[in-house]
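This document starts with one chain, in the form predicted on its own, laid out as C-alpha cells.
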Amino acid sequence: MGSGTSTQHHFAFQNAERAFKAAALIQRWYRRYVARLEMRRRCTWNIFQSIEYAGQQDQVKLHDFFSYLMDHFTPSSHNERDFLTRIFTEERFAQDSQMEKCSDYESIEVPDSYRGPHLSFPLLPDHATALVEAFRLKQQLHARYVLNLLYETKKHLVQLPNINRVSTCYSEEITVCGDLHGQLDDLIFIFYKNGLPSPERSYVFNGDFVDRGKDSVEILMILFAFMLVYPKEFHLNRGNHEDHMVNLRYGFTKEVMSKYKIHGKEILRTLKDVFCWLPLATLIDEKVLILHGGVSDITDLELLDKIERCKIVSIMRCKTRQKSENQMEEQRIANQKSSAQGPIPWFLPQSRSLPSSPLRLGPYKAHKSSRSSSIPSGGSLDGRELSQRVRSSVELELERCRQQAGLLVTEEKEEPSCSASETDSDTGELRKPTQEEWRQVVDILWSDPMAQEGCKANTIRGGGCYFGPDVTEQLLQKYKLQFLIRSHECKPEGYEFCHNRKVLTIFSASNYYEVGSNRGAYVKLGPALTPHIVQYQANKVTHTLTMRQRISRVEESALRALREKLFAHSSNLLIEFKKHDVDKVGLITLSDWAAVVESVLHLGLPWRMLRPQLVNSSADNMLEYKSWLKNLAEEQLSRENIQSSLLETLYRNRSNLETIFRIIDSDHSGFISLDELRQTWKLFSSHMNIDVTDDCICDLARSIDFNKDGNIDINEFLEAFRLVEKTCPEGDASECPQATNAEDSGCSSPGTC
C-alpha cells in the first residue's frame, strides 16, 4: 500500500515537472513571439513616420526655393509685383471690399432641390447636432451656409485672447482632443463615446483639424458650429496645418475646390482669415497648458499673450516689405551678379541645393549656441524701423489732411481685421511680425519633445525645435504649471507621457497611417486635473483582426510605401551602387547596399533589419543591384501602365509638382492661364539668368497644352514634367531599367522653346 502510494506521488511529481517545463517553454515562446511582433510594429512605425517627415522637409524645401526667388527678384512693373505678391505670399486672394461684407453669402441662393442641412443664426444646439448627423449620412452643406458659418466664426474668434483661460469650476470635466486630420469618423466616435458638447461637458480641440483626410471641411463646420453654440465651453487651438500654404500640399485646398467648385475660392479666402485668428493655446485652471506642438527655451507666455496673432497668416514665410527704388536697383544689380551661384530648382537642369529653410533652424546668436532659430531671416532692423517711421508719418499726414478737409474717420471696430488694421498703406501688404513674435509662434506649433536635455533644431521636420525635460521643467516652474498637453505627433497608443509625466501627447486620429496602425485617444480632466485617458479605434474592421493580422497588414502597407520611395530614387541609387562596384561586376555587398540606400533617401531607418523584406536572399552576402532595381520597377509597373523612367519621375516629384501647380494657379481655377505661366516663368528665367521672350513662353505653353483648350490643367502639367525629366545620367541611359529617351517620347530636350 505504501509503495503504491509513493509510486503515484513519483509519477505526479514527474507530470508536474513536465507541466512546469512545458509552461516555461510556452511562456518563453510567447514572449519571443510578442517581442518579434513588437519589433515589427516599431520598425513599421519608423517607416511611416520617416516618410511623413520627409514629405514635410520637401514642403519646406519647395517653399525655400520660392522664398529665395521672391527675395532675389525685383519686379519691373506694378503688375509683376502684384502678381508675385498674390502667388507666392499670403495675399493669394484679392482684397475685394465686397467680399468682406455679409452680402457675399446672402447673395447665394439655395435651390429648392437642396436636401442637405439648413442653418440659421444665431445657432442653436439642435443645429449643431443636425450638422453632425447630416455629415454622418454623407450629406454636404451648401456653400451659402458654409460662408455664413465662417463669417460668424471669424466674428467670434477676433474677440478671443491668444491664450484661452478655462476653468473646471463651470463644468464636470474638460475633454482635450488632439489631431483629427480630416477623419470625420473619429470626431463622431468621440462625441458618441464621450457625449456631445454641453454646458456640463467642455471640449478643447488642439489643432490640425484639416489635411490628409477626406472630410476636413465637415470637421471644421462641426467644430465651428459647436464653438458658436457653446462659446464658453468649446475651445479651439491653432495647429501647424491651419495654414493655407501647408494646405496647398496636404490636400485641404484640393478638397475645398472639389466640393465647392463655384464658391471654393471665397471659402478658401475666408478660411485663411479664420485660421490666423484661431487662439494659440489654452490654459486650464492656470495649471495645465494646452498647445499644439511644444515649447522651447525661449517660449514666453506673456509675449504670446500679447502677439497680434492675425499677422501670422502663414508660418511658412515671414512677410517682407516693399523696398525703396534705390534698394530695388541695388538688388537688381546684385541679382545679376549672383544669379549663377543661386539655387536652381530640381525640376530644371543642373539641380543644386536650396538655401536654408524659413522654418529650418539656423544659428540664433542671441541664445544658446545649441539652440537654433526656427524663423526665416528678415530684412535689416534699420530698414524695418525706417519703414515703420515712414508709414507712421504718412498716416499722420493723411489724418491731418482729412481733418482739414472736414472728413470724419469711421470707427467701426466691431470686427477687427488684420487686412485693414495691419496693412501697409502704400503697398496693401500685411505688416511683418517681429522675429521674436514669429519665433514664438513657430516653436509652439512645430516643436517636439526629446528625451535628452536641452533644446536643439528640429531637423527632422524642418521647423520648430526639440525640447528636453529641463526645458519643460523650467517653463512649468516659471509659470507655476503642473504639466503640458500637446499633440502634433501620431502615437501607436494614441497618447504618450514623457518628461517624467510632465508632457502628455494626445493624438485623436486613429488608423492614421493604415487601418490598424494606431489607436486614437482623448484625455478628460476634472477639478483635480488628474488626466484620464480614453483610447479607441473608430474603424470596426480592426476589432475583427488579431494582433498578428493587424501588424502584418500595416507592415505590408509600410513596405509598399517604402518600395515606392526606393523606386522613385532608382536613378540616384544606380549611380551610387556603381561607385561601390569597383570591379564593375554588377555586385555589391549587402552592407554597401544599406549604406547607399540611407545616403540617397536620408530616412534614418534600420536598413539591415529591413533587408529581408526588401532584398531577396543572395549568396555570399552579395547583391546583384541591377536586377534588384529591375524588380522594383516591375513591381510598380504592374500597378501603373507607364514606362519605368517616366513613372519614377512621377513617384519622386508628384507631390512637389502638384504643390507648384496650386501655387501658380493663384485663383484656384484648376487651370494655369497663359498670364500666370508667363509671369512665373519670367521669375524662373530671371533667377537662372536666361533671356526668355514672350513668344518663347507662348510656344512653351502651347506645347504643354496637349488638348489645345488654351489652359493647362494638372494632368497636362504633370505630363509635361514627366516627359522632360532626365531619369538617367548622360551616357548611362542603357544602364537604367527600361529607360526611354526624349526622341522616343516625341518631346524636345528641356530648356528649349
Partner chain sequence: MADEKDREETAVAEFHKKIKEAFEVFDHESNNTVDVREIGTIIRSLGCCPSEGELHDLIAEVFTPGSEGTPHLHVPADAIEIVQIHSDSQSFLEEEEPTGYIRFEKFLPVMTEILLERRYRPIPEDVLLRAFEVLDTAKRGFLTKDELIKYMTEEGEPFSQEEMEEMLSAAIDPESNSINYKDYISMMVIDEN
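Here, rigid core means the biggest group of C-alpha atoms that superpose within 1.5 Å across both forms. All values reported here derive from a predicted model rather than from experimental measurement. Numbering follows the first chain given and starts at 1.
Separately, the form predicted together with the partner chain exists; it is not shown, and the next lines address it.
Decide if the three candidate residues 53, 479 and 482 all line the partner chain in the predicted complex, where lining means a heavy atom within 4.5 Å.
Contact check failed for every one of 53, 479 and 482.
Which is the contacting stretch out of 306-314, 258-266, 497-505, 289-297, given heavy atoms within 4.5 Å of the partner chain in the predicted complex?
Looking at the other structure, the answer is 497-505.
Of 609, 123, 663, 134, which residue is found within 4.5 angstroms of the partner chain in the predicted complex when only non-hydrogen atoms are counted?
So the residue touching the partner chain in the predicted complex, by this definition, is 609.
Among 107, 530, 616, 627, which has at least one heavy atom within 4.5 Å of the partner chain in the predicted complex?
Contact with the partner chain in the predicted complex is made by 530 alone.
Classify residue 671 as contacting or not contacting the partner chain in the predicted complex by the rule of any non-hydrogen atom within 4.5 angstroms, answering yes or no.
The answer is no: residue 671 has no heavy atom within 4.5 Å of the partner chain.
When the contact criterion is heavy atoms within 4.5 Å, does residue 585 count as touching the partner chain in the predicted complex?
Outside the cut-off, so no.
Should residue 13 be classed as touching the partner chain in the predicted complex when contacts are defined as heavy atoms within 4.5 Å?
Residue-level check for residue 13: no, no contact with the partner chain.
Closest heavy atom of residue 46 to the partner chain in the predicted complex, within 4.5 Å or not?
Flag for residue 46 set to yes.
Residues from 15-36 in contact with the partner chain (non-hydrogen atom within 4.5 Å) in the predicted complex:
Result: 18, 19, 20, 22, 23, 24, 25, 26, 27, 28, 29, 30, 31, 32, 33, 35, 36.
Note yes or no: does the Cα of residue 491 move by 2 Å or more between this form and the one not shown after the core is superposed?
Not so; residue 491 is displaced by less than 2 Å.
Checking residue 580 here: with the core superposed, does its CA move 2 Å or more between this form and the one not shown?
Yes.
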